[in-house]
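First, one chain by itself: the form predicted alone, in structure tokens.
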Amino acid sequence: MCVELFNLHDKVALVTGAGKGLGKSMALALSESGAHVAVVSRTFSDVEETAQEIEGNGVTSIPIAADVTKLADVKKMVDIVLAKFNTIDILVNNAGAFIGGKMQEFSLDDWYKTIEINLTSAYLCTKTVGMHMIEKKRGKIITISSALGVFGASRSSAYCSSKGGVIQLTKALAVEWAKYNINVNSIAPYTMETDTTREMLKDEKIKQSIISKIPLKRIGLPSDLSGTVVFLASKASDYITGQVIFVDGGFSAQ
């Protein structure tokens, strides 16, 4: 009976930033638990490949090319998913980017770009999908924030600010939309090994510096988010909302 709580059979999930890395891994995890998954990225070839892998799990997937910082793209994306599946049960706001630099040298353009990709995209997707969820009075919204949305880090002022905003958006909507039976929670990783970080982690000095801050003494892998995203998407988390779950090897416990 307990295992059935995690069953996502015939649920429909929409995952942004799903062409590679964390988004792709979470999309695959949701499909392995039975969900049909719409996968979104600005690069169609990336999500096309993800969709093909998902369909290997015996469910349906559609790849969508969209810029989730643009309202018109987001509306079109949601229309495509609803036309195909007639519902969206799960939204995973994963699209994001890191632009680092010293604050005194950080350009206004890079500030706006970071906020737009990490926070505005979550706002647009959540609001647009949320209108559908409010109508049917049910839904699971999962934002991907970061441990750096709570803890400071050098050369990361825009990123920390944007991810802190994602966390507060999560908490505010959890309160506001509870009456519609919509659960809104966040997953907060620390440094994960992805295409984005792989080059940086080749520098052994940087890698060991990061590991020294992690009690479990290893860099996280995209697959480390699989169990958490399935849990938050499933009935197993029906009485959990407004929470930030750190998947960070213990970094936030110190």
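Residue numbers run from 1 along the displayed sequence. Please read all numbers here as calculations on a predicted model, not as lab measurements.
Beyond the structure shown, there is the form predicted in complex with a small molecule, which is absent from this document and is the topic of what follows.
- Put simply, of Trp177, Phe85, Tyr123, Tyr159 only one has a heavy atom within 4.5 Å of the small molecule in the model of the complex, and it is Tyr159.
- Contact annotation for Leu14: none of its heavy atoms lies within 4.5 Å of the small molecule in the model of the complex.
- The small molecule in the model of the complex is not approached by Glu49, whose heavy atoms all lie more than 4.5 angstroms from it.
- The closest non-hydrogen atom of Lys140 lies beyond 4.5 Å of the small molecule in the model of the complex.
- In the model of the complex, the small molecule sits beyond 4.5 Å of every heavy atom of Ala38.
- Contact with the small molecule, judged by heavy atoms within 4.5 Å in the model of the complex, is confined among 100-108, 167-175, 67-75, 129-137 to 67-75.
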